[in-house]
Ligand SMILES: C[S@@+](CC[C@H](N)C(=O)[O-])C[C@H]1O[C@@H](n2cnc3c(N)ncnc32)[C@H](O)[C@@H]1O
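Before any questions on binding or motion, here is one chain by itself as structure tokens, the form predicted alone.
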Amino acid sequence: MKEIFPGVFRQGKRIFTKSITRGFSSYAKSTVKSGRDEFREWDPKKSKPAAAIIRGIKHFPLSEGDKVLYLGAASGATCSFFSDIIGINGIIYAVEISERSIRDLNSTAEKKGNIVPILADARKPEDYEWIEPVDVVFEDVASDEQAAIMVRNAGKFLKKGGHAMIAIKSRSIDVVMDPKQVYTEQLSLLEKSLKIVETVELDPYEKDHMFVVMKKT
């Protein structure tokens, strides 16, 4: 098993994270044991960052000890893999607007130990302004305000030199417009505040989605 990014491993065409919670197999496509270590398979069909990695993205700025603001954490599936990558010395502030999803997220957080669930609207960062400055902001929110949400949160919480990642959902922004035009417009809004480092389209794993890596300069 080869480490391709900090905390992310590849075996053939499959990718894994090394679990910080032995026996926690939730959201993993499979688990593999190697000595005392346990690896969880990260499914690119169910996680946009995993899809970006499989699609060949060259920059994945997440590493051990990072502080992360995760916008749109849902039930905590992808969050659980981020949790493995940042390890016990890192922390994820996981914002989710759905009360139903937050219940599952709470359960995941209890098991992982480095996730802080926050029931809030990512469009209103003033509602969780107590969060400390973070190294990474990740957004996976279904909204026609995706770029604005990222700009607002990165401006408020992201450290200078920190990174941001977003999964642009073109159909959530405009169901009629060509996805490539949506991407162009969203990138134009994002680059007013953040430096675009890399982009990759996520088809066929996530139709009409683009994954964007950025940096705050």
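Quick note: we count residues from 1 along the sequence shown, nothing fancier. Since the structure is predicted, the reported quantities are computational estimates derived from the model, not experimental observations.
From this point on, the text means the form predicted in complex with the ligand, which you will not see here.
(Q) Just to be sure I understand the contacts: of A120, V116, I88, I131, which is the one whose heavy atoms reach within 4.5 angstroms of the ligand in the model of the complex? (A) Selected residue: A120.
Q | Distance check, T78 to the ligand in the model of the complex, heavy atom within 4.5 Å | A | Yes, contact at 4.5 Å.
Q.
So in the model of the complex, is the ligand close enough to V95 to count as touching (4.5 Å, heavy atoms)?
A. It does: once the ligand is placed as it appears in the model of the complex, V95 has a heavy atom within 4.5 Å of it.
Q | S101, heavy atom within 4.5 angstroms of the ligand in the model of the complex | A | Contact check for S101: yes, within 4.5 Å of the ligand in the model of the complex.
Q. Quick one: does A109 come within 4.5 Å of the ligand in the model of the complex, counting heavy atoms only?
A. Although the ligand is absent here, A109 would stay clear of it in the model of the complex, with no heavy atoms inside 4.5 Å.
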